[in-house]
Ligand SMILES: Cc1cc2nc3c(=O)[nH]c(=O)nc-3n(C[C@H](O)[C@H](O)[C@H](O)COP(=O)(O)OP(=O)(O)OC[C@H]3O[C@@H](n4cnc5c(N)ncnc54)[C@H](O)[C@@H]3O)c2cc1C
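Take a look at this one chain, the form predicted on its own, written out in structure tokens.
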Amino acid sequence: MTHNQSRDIAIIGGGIGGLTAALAFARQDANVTVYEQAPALTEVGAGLQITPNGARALNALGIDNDLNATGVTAQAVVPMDAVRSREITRFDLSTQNPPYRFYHRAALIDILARGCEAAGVKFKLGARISGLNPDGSFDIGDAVVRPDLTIGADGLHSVVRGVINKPTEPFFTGQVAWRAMIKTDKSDPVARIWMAPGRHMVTYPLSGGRLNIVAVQERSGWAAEGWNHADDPGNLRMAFADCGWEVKSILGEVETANLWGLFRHPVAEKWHSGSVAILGDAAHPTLPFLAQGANLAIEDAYTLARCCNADASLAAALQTYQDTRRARVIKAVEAANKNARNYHLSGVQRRIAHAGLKTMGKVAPAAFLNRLSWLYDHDVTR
């Protein structure tokens, strides 16, 4: 029996997590409405990596043909010595099933939105909700909406999280990040991690001859949280000015860049209350050092719909959802935090770490993926 059939589901937030949840519930014959405060379903000009664990859930929702046609299939992860412009080693990704792929965020949003529309999902754009209650009801304009379940997929500064949990204060990690994109003639389908003391940069190709850039620098000065703070590209170039010619060449092409401060947020203690639940960044903001922010949100969304479909009691289903997801998410968040330190080593530690990576690539090339098997091999569709 499909318990989601004819349930009224309200999803607050039209990002990747929200649209995945909308499609998952709609595939189970729920009546789904997405409430997005922006006037259109858009995303910032940035890329993301969909790893096999996220891809399994998306494929199960019937959008695999569009995903296959739009993404760039990754062949390898390549750690680089950014100072010397030297490849340290190469870890093969070509055997991953489903494939590890790179997408422009806007392209993935478009695929999900088209899937939602075909499945009968309704959209309320330019929608600002207020007065959210534990029973899931809320005000929008002069109307009161009373769904069976309200899902907060409203991101880093989630209003819905605040209804379920006590306020918590994030803390500045001492790192800032830039996002940028350039045109490129190179088609090498690999993710490169350019490591330097106190800094690193990740680059990978997107469809349409573009190269996505995420650069991170340690600094004591605070920068505002969020992606939409424009910064002078010269500041990005200056941060990597002592790096090798390849890094300088890439950053020399940057015309616009966004800067944001990296903050750690605790994973939410409660992921549901009454007829309200949260997912993705609303439940567990994740630092961008494991490429799992979008993937964990996709896993959340699929799992939430599955749990609700399997149980006539929403209260029991929501508790199962939290119990299923929280420990895994905490492990992923901690792994991302650790990667930040590993990328920024200096002195003797840096030389030892690079030698270890080089040896691993030669002697035990499968060890890299084996260490991540708990992450990439996970299948929420089982």
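The structure presented is a predicted model; accordingly, all values stated were derived computationally and were not measured. Quick note: we count residues from 1 along the sequence shown, nothing fancier.
The same protein also has a form predicted in complex with the ligand, omitted here; what follows describes it.
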{"property": "C116, A153, L304, V276 - the one with a heavy atom within 4.5 Å of the ligand in the model of the complex", "result": "A153"}
{"property": "Exercise: C308 in contact with the ligand in the model of the complex, heavy atom 4.5 Å", "result": "no"}
{"property": "Proximity of A127 to the ligand in the model of the complex, heavy atoms at 4.5 Å", "result": "yes"}
{"property": "The ligand contact at R105 in the model of the complex, heavy atom, 4.5 Å", "result": "yes"}
{"property": "Heavy atom of A22 within 4.5 Å of the ligand in the model of the complex", "result": "no"}
{"property": "Heavy atom of each of D29, P134 and G136 within 4.5 Å of the ligand in the model of the complex", "result": "no"}
{"property": "Proximity to the ligand in the model of the complex (heavy atom, within 4.5 Å), stretch among 232-240, 294-302, 190-198, 71-79", "result": "294-302"}
{"property": "Heavy atom within 4.5 Å of the ligand in the model of the complex - qualifying residues of 2-22", "result": "I12, G13, G14, G15, I16, G17, G18"}
